[in-house]
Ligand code: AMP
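Single chain ahead, written as structure tokens, the form predicted on its own.
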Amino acid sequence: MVCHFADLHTHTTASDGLLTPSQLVAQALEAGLRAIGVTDHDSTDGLEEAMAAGKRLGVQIVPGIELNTQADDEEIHILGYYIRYDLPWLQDMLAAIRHVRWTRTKKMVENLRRMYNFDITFEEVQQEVTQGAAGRPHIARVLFKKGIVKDVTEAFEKYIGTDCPAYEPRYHLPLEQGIKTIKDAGGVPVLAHPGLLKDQKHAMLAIELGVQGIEAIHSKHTPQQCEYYEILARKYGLIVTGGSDYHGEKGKNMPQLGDIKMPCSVIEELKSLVQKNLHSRG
């Protein structure tokens, strides 16, 4: 099957998505996509299932990950494409990060109970997790189901967003280490949704530290931001990628699968860079 369009930023139940990898691939086919990047937060547990489903349904799977890194007081997300996800050292590192996620989520639930007297338990949040580690989206879904918030967005804006009272800081994987981790695992590091950064100096810092692509096209970028980051990427000789950041949520302001359709030539660029990296290292 010829690939025309790809959405290179999606999530499954292996992190904080609502769809299993198989369901995600089936929905991609329905959305007219012939390729998707599966990029769960700090987890590659959904990749094998996604790739099997992709082979069965004729959808090309770009194996990836989204690492949550930190520079100064800013959280910076780095996508990693075509990583060798079977590396034991990588899986050990990811397991340690996910363990910290559980502790952080539990603290936020305790904050919500103490600060607002909300009727929410950590066990209820755990029930939202199919596999992987619990995170803020799982808390938000419980708050929504209980009628405490009108939608998931409100949960983040009022209670568990970065600057909100119940927020707990996450494990700080340094930006430089995140980029190096992806490269050491044979992948291509890409700066995710730079338009969401509070301080644009961190976009430049990511470039200086060695990202090889910029997610210029993103569902939460304005047209002006898409254009700006595409020009920035071209200026520094970086790959321009794009994706919806789909988590399976429905409703207003929620990105949908295929909202961003990138030409599949981007995949070939990523593959070429993987080979180039391999030759330069070896």
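All values reported here derive from a predicted model rather than from experimental measurement. Numbering starts at 1 and runs along the sequence shown.
What comes next is about the form predicted together with the ligand, which is not displayed.
The chain is drawn here without the ligand; in the predicted complex, the stretch among 119-127, 151-159, 181-189, 90-98 whose residues come within 4.5 Å of it by any heavy atom is 151-159. Contact with the ligand in the predicted complex, judged by any heavy atom within 4.5 Å, is made by just one of R84, R170, R113, K106: R170. Although the partner is absent from this view, Q60 stays clear of the ligand in the predicted complex, with no non-hydrogen atom inside 4.5 angstroms. Interface residue remark: H247 is counted as part of the site for the ligand in the predicted complex, having a heavy atom within 4.5 Å. In the predicted complex, the ligand lies within 4.5 Å of some heavy atom of N68.
Within 4.5 Å of some heavy atom of the ligand in the predicted complex lies at least one heavy atom of H41.
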